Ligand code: T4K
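Okay, so here's just one chain, in structure tokens, the form predicted alone.
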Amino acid sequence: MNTTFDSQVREMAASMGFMEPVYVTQPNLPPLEEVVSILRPAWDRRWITNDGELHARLEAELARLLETPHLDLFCNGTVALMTALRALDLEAGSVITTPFTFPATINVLYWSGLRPVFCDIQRDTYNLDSSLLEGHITHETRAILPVHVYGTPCDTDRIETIAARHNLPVIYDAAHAFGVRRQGRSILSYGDISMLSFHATKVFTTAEGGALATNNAALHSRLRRLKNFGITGEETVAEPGINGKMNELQAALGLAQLGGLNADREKRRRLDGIYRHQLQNEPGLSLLDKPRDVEPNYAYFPIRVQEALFGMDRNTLYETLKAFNIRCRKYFYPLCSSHPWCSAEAGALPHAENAANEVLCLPMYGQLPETWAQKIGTIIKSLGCLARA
């Protein structure tokens, strides 16, 4: 970009920029009075953790809502994922996963004495490429850990066929996939265990928090034991566990959120439609398709920026939008495979590397005014026209 472009951007930003920062996401928070009303009985009972009444209610409500027979709440998604790995008794070895994810997915492997083996991604879905999966399986492989990136389901049928052929468990990182359904089924019905995150950036939040879902009753029992220090009775500790429990304050926030989930999803659907209408024909921008057999949650809106056609690269667009007070995110950059402790495990990952350099997530949350989404789309289109001029 040149000084003329910079000057034109400053003029545009002065007239079109937002007065306050527009962040990539904000938590969907219910009225505080509603949270306090739900929490008050627990407060009066002085029972604010250790499987309290609110915890039990939220666990049951989410299991019903998400159509899973067994769901366990956790203090956060990272601890939940660590507990899932421990529950499957994975010995020292490797786990096949994607490099295009949040660092927590990979960090838990190292914390569990396991090594990541990175499989490249599909260009159109950003998920682990199941056609390459079998080529990474060796005698050291202990499990497969795919991620439903941006809430788009992985190729679950093929992944689980391959896993069954090699007698490998499948743990899905479903941090983005709350409420997603594929082929008429809850996304949590696939694999041995699925992990959900309830972090403040997610479509359902308990501030921090997470959950594990499984169809296996015995595995469910062990997960409950492991997240509570391995305790099975007042004087009995059956195995070394961890403190992974969700507390009553988190559960109260979660319960207060349940009534607004449908409205929040509908609002996100409309925002998704606005962005698509604005940007679908813009030269050099690619949008993430929604598979026909999927009921999405509209958690993210990623765009892919091709410099040769759009007129500027992703990083320049990212920085330029800051002048308009639009705070997007480069999800996911840098690749997890580029971290110093991972570099020895990384091979050729061309699709993941390209995605990490080209993808930008636009603001997407239920309280985002629709006029703001329209304005953001207009600004991006205007910047593209200006860059190509």
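Just so we're clear, the structure is a prediction, and the values are computed from it rather than from any experiment. Start at 1 with the first residue shown and count on from there.
As for the form predicted together with the ligand, it is not shown, yet the points below apply to it.
- This chain lacks the partner; the member of 300, 118, 126, 190 within 4.5 angstroms of the ligand in the model of the complex by a non-hydrogen atom is 300.
- Screening 195, 144, 73, 154 for any heavy atom within 4.5 Å of the ligand in the model of the complex leaves a single hit, 195.
- In the model of the complex, at least one heavy atom of residue 329 sits within 4.5 Å of the ligand.
- At the 4.5 Å threshold, heavy atoms of residue 50 stay clear of the ligand in the model of the complex, well away from it.
- Contact check for residue 213: no non-hydrogen atom falls within 4.5 Å of the ligand in the model of the complex.
- Using a 4.5 angstroms threshold between heavy atoms, residue 227 stays clear of the ligand in the model of the complex.
- Look at 231 to 239, 291 to 299, 309 to 317, 169 to 177: in the model of the complex, residues with non-hydrogen atoms within 4.5 angstroms of the ligand sit in 169 to 177.
- Heavy atoms closer than or equal to 4.5 Å to the ligand in the model of the complex belong, across 6 to 40, to the residues 23, 24, 25, 26, 27, ordered by sequence position.
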